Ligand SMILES: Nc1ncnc2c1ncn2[C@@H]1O[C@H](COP(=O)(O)OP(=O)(O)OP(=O)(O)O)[C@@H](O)[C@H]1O
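Let's start with one chain on its own, the form predicted alone, as structure tokens.
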């Protein structure tokens, strides 16, 4: 657990839902709905890192974009408990959105695509400050302060993105995120586009900044070893829903959902002979346009019974804040990774 983590809830997400209508033909008639995110609820505490994991297309990035108000949710409530005020993100507009941009920041997956190639590093990092009405002189001073925090010398201020390595570009992205002193940073696959040798450096930098600046994170990733290293709590998503969420130890050593088991069994280890028992998850993810009536994982679950295919399970508290969406949670003999 992070040393800066407190019991104060910083972000509260309740029943977040995002559906995308499918339209066909010149008349743009309705032809279906993509259930990208369906009734997702969780909270992030002050100083905490919440990891979100799951297969591609499970809705992790859609959740992040709704929190940042980059897209509008279909329904649900997202509340930021900021200093001296509670901001309802889903209904925020005008000045509230501008303030929201200061409190919530994002680190993008592709460090090259997220940086303007025509701007210098100094201008890129200063842009959020200028947008908040900070003078150019103050912005330049602040840029000079955050560059060393991100592990870059002040001489990087006059360079362009194409002159930097992938790791250096991502450090610029991190500097841009922290320059406005945010409360929460959403990191969407921040190391997946980097060389393996650089990933640990970036993750360690994020941990260092969390301790130094008291930051909170939502960390989205596929690599479970990285999620385990940086996260205090972990939420596992499948086909638009959270199927298990709990502390790092609960999810990794006391897991109760078969999909979490499958994810952990997919992690490669340096010594294959010490991996222990494993199995291959068979079948394809059901279509989000027409999700199953019962449990969404039933078609791929080796424990599935008739009830699973007919009745959708609720997200149940199994104790200690360990929530699981499974009819038989706590009754299954699941494989624990070594």
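Since we're looking at a predicted model, the values are computed, not measured. Numbering follows the first chain given and starts at 1.
The next section is about a form of this same protein that is not shown, the form predicted together with the named molecule.
Think of it this way: in the model of the complex, the named molecule has a heavy atom of just one of 61, 46, 39, 312 within 4.5 Å, and the residue is 61.
Mapping the unseen interface onto this chain, residue 328 falls outside it, with no heavy atom inside 4.5 Å of the named molecule in the model of the complex. In the model of the complex, no heavy atom of residue 32 sits within 4.5 Å of the named molecule. Although the partner is absent here, residue 56 is a contact residue: one of its heavy atoms lies within 4.5 angstroms of the named molecule in the model of the complex. Contact annotation: residue 189 falls within 4.5 Å of the named molecule in the model of the complex, judged by heavy atom distances. Only one of 61-69, 23-31, 290-298, 303-311 places residue heavy atoms within 4.5 angstroms of the named molecule in the model of the complex, namely 61-69.
In this stretch, 230-263, not one residue has a heavy atom within 4.5 Å of the named molecule in the model of the complex; the partner itself is omitted from this view.
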